[in-house]
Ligand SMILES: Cc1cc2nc3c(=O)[nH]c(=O)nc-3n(C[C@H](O)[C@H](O)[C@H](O)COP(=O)(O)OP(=O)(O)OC[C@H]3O[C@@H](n4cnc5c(N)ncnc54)[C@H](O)[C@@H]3O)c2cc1C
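Listed next as structure tokens is one chain, alone, in the form predicted alone.
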């Protein structure tokens, strides 16, 4: 097992950073009043302002032209096909380099593996639909959302109530989706619905559909404002007799969960790697601060109590990074790594909370200020233990793999 990052992937990372420094950072600086002020960032309804959406689209399309926006997409979809190890490395690199204050960078360059760009779930589109939709998605012109969760079906996905009923060459979708990232802005939604209710001894069938968000009956009814924000990306979708051609079905009828997990597992690796990168950013910031901040006549890095915070943060980061790279290696080798991905997602999201908390403590009062950036990262880190599958659900997955004798050490 070799967990070193291959040179060609490192070169992609160097090119990506150069692209961001040349194309994205100047835009963020020029629009700092818009991007860094929540009162300007969002409208009264909690949606991003038109100016923000336009900036994001501009960078998306530049990134696509440079090849970074689709770098992680499968080659069969027209993407770069860089694979899981590159995905882990690039997400870590971005977080480590730019920290939490990257409104444009975070969402538009090497985007989430299943929210945008050439997400793995698009492999399940039928050939005609791929030909029709992939070019605009790959160019950054159009974006997606992933409609799996519902008000009563988040951790327990099989409690899903949204239905799809066959009507000739179409399906009619009815129901509600909640906690759906990018739903207020997406051009297309990947919607999961029950196509056959549960029967005695047989689980309900769930099927995936590719839906135009402009379709009659499709409505994002509200923005969900989350921790510390005046607006956001997450919304609630109402589906009121939305008609979807059978030609826009993803995969076979009843194979929806296979489609879903293809995207979710890829997303969890990216999220875990981002947590590692953010933790590295926070620790580097804190070490520098502790070398210059003085109390009782000496730098605070010489105080044992502060050293313990730094050392424990480093231990956490090393363990988390090793876990992510191990998962990426397994996926690169073609292994399923179901339990290992669950371990990485749970451990890394919890690790980031611990590391940021220690870094804020080492900064003292300065750690609480908006200028340092740690408080913004602290607010970002806390929900990550819930998004993409709660820490408890990850532990359930790990336990079931142990019980079924499919996880061994």
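Keep in mind that this is a model prediction, so the values were computed, not measured. Positions refer to the first chain, counted from 1.
Keep in mind the form predicted together with the ligand is missing from the figure; the text below concerns it.
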| remark: Note: exactly one of 25, 17, 9, 386 sits with a heavy atom within 4.5 Å of the ligand in the predicted complex, namely 386
| note | Partner-free chain; cross-checking the ligand in the predicted complex, the single residue of 81, 299, 217, 154 with a heavy atom within 4.5 Å is 154
| Is residue 278 a contact residue for the ligand in the predicted complex, using a 4.5 Å heavy atom cut-off? | no
| task | Classify residue 180 as contacting or not contacting the ligand in the predicted complex by the rule of any non-hydrogen atom within 4.5 angstroms, answering yes or no. | result | yes
| request: With heavy atoms only and a cut-off of 4.5 Å, decide whether residue 162 touches the ligand in the predicted complex. | output: no
| query | Applying a 4.5 Å heavy atom distance criterion, does residue 392 contact the ligand in the predicted complex? | reply | yes
| task | Just one of 199-207, 172-180, 326-334, 122-130 has residues with a heavy atom within 4.5 Å of the ligand in the predicted complex, so point it out. | result | 172-180
| task | Determine the residues of 131-152 with a heavy atom within 4.5 Å of the ligand in the predicted complex and present them in sequence order; the list may be empty. | result | 146, 147, 148, 149
